[in-house]
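Single chain ahead, written as structure tokens, the form predicted alone.
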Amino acid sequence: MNLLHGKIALITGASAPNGIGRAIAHKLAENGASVVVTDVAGDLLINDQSHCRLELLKSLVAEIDGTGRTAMWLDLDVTNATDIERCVSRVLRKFGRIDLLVNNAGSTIGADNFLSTTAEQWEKSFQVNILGPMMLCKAVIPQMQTNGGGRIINIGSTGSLGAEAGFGAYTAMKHGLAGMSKTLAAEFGKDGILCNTVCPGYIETDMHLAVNARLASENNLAIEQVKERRYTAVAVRSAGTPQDVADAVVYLSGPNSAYVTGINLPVSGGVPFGI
């Protein structure tokens, strides 16, 4: 498939082996885009095992290169303005432009009861979930204007659409991210730049599967029992996959969404959004 033939995509937070960012990178490449995958240097803990994020990025690039598509990796701390400038400059030097920006990097810090979260947690959540995407958009949009347009896709959450008890700062920041998307859509549509938010619900990432395992252990339940309890409010009674989210990103990146901007697109199996 070549819906995105010749397009250059920059994706943040792409290292997790069973993560949304990695699935997005594969799907965009599969559809013809050249992809630049990024993540912050350091270790990622999965099932009590530590993995180097940059080594995971290298393996992702090798996987994509193995399909005959083009990929490169860069270390990027989205909270660091100098890092962002360096990353965007390197992509532009190599490819000449950035057509697609996918702000996938995020943090669940502050996903707790309101009175339990600290000001420091709120600040860190803001830096990763809003300030980082904002700085990346400011770095990328001018060259999109020069090149006649582009697409920005922010990865939010069903927490961008409603609120449930116990998610504190995380929900506030995901609402803010969705609001920023609408602002960008309103301001830059005239330049051919479309901006949308994809809002995943329960998605079987490494993090989600770890929560299922923890709940099973704490409640002396089988994994299938935990799933049945957690997904009872989901219309389709199951979790989605990272590929489901990636398919939505491909749609919003391609020619079939040329008149779609400023939306929040749930990929949630019909999960209710809370208040």
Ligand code: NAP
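Start at 1 with the first residue shown and count on from there. For clarity, every value in this text was computed on a predicted model and none was experimentally measured.
Another form, the form predicted in complex with the ligand, is not on view; read the next lines as being about it.
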{"query": "Candidate site Gly13, Thr79 and Lys174: all three near the ligand in the predicted complex by heavy atom within 4.5 Å", "finding": "yes"}
{"query": "4.5 Å heavy atom contact, Gly201 to the ligand in the predicted complex", "finding": "yes"}
{"query": "Contact test in the predicted complex: Ile155 vs the ligand, heavy atoms, 4.5 Å", "finding": "yes"}
{"query": "The ligand contact at Gly110 in the predicted complex, heavy atom, 4.5 Å", "finding": "no"}
{"query": "Any non-hydrogen atom of Arg69 within 4.5 angstroms of the ligand in the predicted complex", "finding": "no"}
{"query": "Which of 178 to 186, 161 to 169, 101 to 109, 140 to 148 sits within 4.5 Å of the ligand in the predicted complex, heavy atom basis", "finding": "101 to 109"}
{"query": "Option touching the ligand, based on a heavy atom within 4.5 Å in the predicted complex, out of Met135, Val128, Ile193, Cys87", "finding": "Val128"}
{"query": "Partner contacts in the predicted complex for 47 to 67 (non-hydrogen atom within 4.5 angstroms of the ligand)", "finding": "Arg53"}
